[in-house]
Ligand SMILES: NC(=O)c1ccc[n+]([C@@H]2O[C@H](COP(=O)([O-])OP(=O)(O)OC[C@H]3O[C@@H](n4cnc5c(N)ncnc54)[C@H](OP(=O)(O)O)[C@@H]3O)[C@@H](O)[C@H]2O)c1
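Consider the single chain below, provided in structure tokens and representing the form predicted on its own.
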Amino acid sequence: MARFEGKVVLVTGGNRNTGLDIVEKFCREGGRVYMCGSTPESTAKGAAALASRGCPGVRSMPCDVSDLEQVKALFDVIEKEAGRLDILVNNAAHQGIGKPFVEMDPAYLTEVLGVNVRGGFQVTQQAVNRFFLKQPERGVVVFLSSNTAMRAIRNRTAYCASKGAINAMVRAVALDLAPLGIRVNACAPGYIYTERWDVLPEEKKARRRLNCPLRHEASGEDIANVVAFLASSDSSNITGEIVTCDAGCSCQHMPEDVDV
């Protein structure tokens, strides 16, 4: 199935974990994919991983999305090489791990918001102004949010705040761009099996899975499938929506072992 044949796609943060699965999904469905990581080293590592998965044609470039000049340089390359952009996936993220609220330097909050909120804003604005508004077939934007925007987790204030801001921004930007024919949506994952799970003891993995009514965390492919749906014509009448993919975590009041 080649839903994205002839489409030019940019996936930020496409160099690791779920980003790799999103890039691979678009590649296997015919897209011409550009991806970026935050450093040259991480980007090169991601490019090697994609080549090993059978996606050697991905154009990989380093870009810290919180830096507007780097974002502009990234779009200069896309403009020169492809001359268009059809789909933007704002996947790049600062995880904001291990900073309890009472100990957090306000500068750390600014750092996390810089990547997750300002970064997504800057990349989207470049995509819209430099490409989408100039093309007869307008573009599509998909953000990666999180179910932590709706149900907070401990010691991740900056991250939760950033994902809540993304949800609000998706709705607001979608509203502004809808009359121009540009759709903006988000996928909000819960637990995803990434490299951070590899160091967890089995009992902790099992306890996490007990939080999931479906009894298993998402794979990167699960998230990529939702992103691809939102980027495709299959969702042509959907905009301003946050599609949750979290094995049912958000629909319950509390896990069943404490639901008394």
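Here the structure is a predicted model, which is why all the values come from computation and not from measurement. From 1 onward, residues are counted along the sequence shown.
Keep in mind that the form predicted in complex with this ligand is not shown, yet the notes after this line are about it.
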**Request:** Could you spot which one of L50, C27, V226, C63 gets a heavy atom to within 4.5 Å of this ligand in the predicted bound form?
**Result:** C63
**Request:** Answer yes or no: in the predicted bound form, does this ligand come within 4.5 Å of a heavy atom in every one of F75, R84 and S232?
**Result:** no
**Prompt:** Where, among 100-108, 128-136, 85-93, 169-177, do residues come within 4.5 Å of this ligand in the predicted bound form by heavy atom distance?
**Reply:** 85-93
**Item:** R215, heavy atom within 4.5 angstroms of this ligand in the predicted bound form
**Value:** no
**Asked** Taking the shortest heavy atom distance, is K204 within 4.5 Å of this ligand in the predicted bound form?
**Response** no
**Prompt:** L144: heavy atom within 4.5 Å of this ligand in the predicted bound form?
**Reply:** yes
**Contact of G31 with this ligand in the predicted bound form (heavy atom, 4.5 Å)** = no
**Residues within 4.5 Å of this ligand in the predicted bound form, restricted to 185-200 and counted by heavy atom** = P189, G190, Y191, I192, T194, R196
